[in-house]
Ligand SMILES: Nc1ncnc2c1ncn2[C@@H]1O[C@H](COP(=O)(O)OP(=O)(O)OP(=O)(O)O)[C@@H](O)[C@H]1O
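This document opens with one chain alone, in C-alpha cells, the form predicted on its own.
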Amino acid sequence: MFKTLDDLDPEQRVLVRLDLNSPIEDGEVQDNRRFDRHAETVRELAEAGHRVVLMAHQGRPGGDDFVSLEQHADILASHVGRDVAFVADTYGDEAIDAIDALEAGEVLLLENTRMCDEELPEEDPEVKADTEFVRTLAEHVDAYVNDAYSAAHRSHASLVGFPLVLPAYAGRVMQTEYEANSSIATREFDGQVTMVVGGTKATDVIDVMNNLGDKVDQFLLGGIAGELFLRAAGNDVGFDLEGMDFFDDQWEENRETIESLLDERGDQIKLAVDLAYENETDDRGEIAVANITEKDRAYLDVGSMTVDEYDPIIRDSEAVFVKGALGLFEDERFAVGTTGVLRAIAETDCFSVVGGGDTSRAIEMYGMDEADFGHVSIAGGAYIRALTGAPLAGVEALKQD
C-alpha cells in the first residue's frame, strides 16, 4: 500500500499533482467537482504549514481545450479558501524562482504540464524519472504527492517519474478513490452485489464481467453496450443506422465474446426489456424489445419497464456499483434509465460507488445529493481500469519502496 498525507513529515516543500482537466466553453474554464475534491488536499497541506507547489494538465496539444492553467488557479483558490498563485512556467527559471520563494502555507500552481515535451509520451517510470522536467523540479522540493487518481492510468512524467526520485505520498482524492474503486475486488459483502453497466464500449463491459463475474451477483445493462448484448440475445437491435458508427464495428470485434458471456453468465445478466426513442413529435417514445421486428430508429435510453425491473434488484442489494450511463442522460427525455437507477441507489441503505466517464454528472444535473451515495468517483478511464483489474501506473509508482 502507498503512504498518505498522514505519513508526511512537517514543514515540507511539497510538489502535488492534481487533475484539474475541465470543460472549456467560449474560452472559459468551467468549475466542476474536481476543484472541490482536490481543494481538500491542498487546504490540508497549506493549513499544516507546507509550501505547496501544484501541477496539473489541461487538454492535449492541438486540441481546442489545450490552454493555460491561469484560470484554474483562480477557480481552485475559491474552493481552497486562500490565494493560489500562478506562474506561466513549469520548470524553467521563472517556475524555480517562484518555488524557492514560497513561504509556509503558500500555494503555487505551475503551468500546464502537457506544455512540456517530456510529459506526454507513455514510457516506463525509470525513463520519466530521468527527464530534465523531473530532475529539475525534484531538486527544489522535499516530497511528492499524487492526488490525480483520475489520471493515474497514464504513465506520464508528472505521474510516475517523481515517485522514483522523491519520497512519495497519496493525496486525499487518490486515497479515497483508490479505496472505493478497489472495494469491489477487495471487500467481502454478505448480501447481493449488483453492478449497473452502460456506456458506449462493449470491451469495458466484457472486461468488467470477466474480472468481476465471481464477485457480482447481477449485472444490469443499458447504453450502447447493452444494445449489443440484446443483439447477441437474438433481438433486432444493436445495428448502425445511416450516419451511425456505434455498433457494427464493435459487433464484429466482440460478437463471439458477448455470446459466450451470455451463455456462461446468463443468469447474472439482466437486459433491457424496453427501449426509448425520439418519436415524431420530438418527445420520448418507448417500445418493448420483444415487439421490435427491425431496427428502424435510434434507441437513446432503456425504457420505463426496464427501470421498474432494475429498481427492486438495486434496493435488495448490499452493494451497488455503477459504470457508465444507461442512456443519453444529457437530454432530459432520455435520462429516465440513468436517473432511475441512481435514485434507487440513493434511497437504499447500501454501499455504493458511482463512476465511469460523465455518469456522476447526472447526480448534480438532476438535483440528487452526492451525500446519498457511498462514493461518487471523478475518474473515468482510471475507474474502468480499476474495475477490470488492470494496474494503474500512477498508483503502482506510489507503491515503490
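What you are looking at is a predicted structure, and each value in this text was computed from that prediction instead of being measured. In case it trips you up, residue 1 is the first one in the sequence shown, and so on.
The protein also exists as the form predicted in complex with this ligand; that form is not presented, and the subsequent description refers to it.
query = Which single stretch, out of 185-193, 99-107, 134-142, 199-207, brings residue heavy atoms within 4.5 Å of this ligand in the predicted complex?
reply = Looking at the other structure, the answer is 199-207.
message = At 4.5 Å between heavy atoms, is Ile224 in contact with this ligand in the predicted complex?
response = Ile224 belongs to the contact set for this ligand.
inquiry  = Lys323 versus this ligand, in the predicted complex: is there a non-hydrogen atom within 4.5 Å?
reply    = Flag for Lys323 set to yes.
This ligand contact in the predicted complex: Thr359, any heavy atom under 4.5 Å = Answer yes; at least one heavy atom of Thr359 falls within 4.5 Å of this ligand in the predicted complex.
ask   = Would Gly327 show up as a contact with this ligand in the predicted complex if we use heavy atoms at 4.5 Å?
value = Result yes; Gly327 sits at the interface with this ligand in the predicted complex.
task = Just give me the single entry in Met115, Ala77, Ala168, Leu300 that has a non-hydrogen atom within 4.5 angstroms of this ligand in the predicted complex.
result = Here the answer is residue option Leu300.
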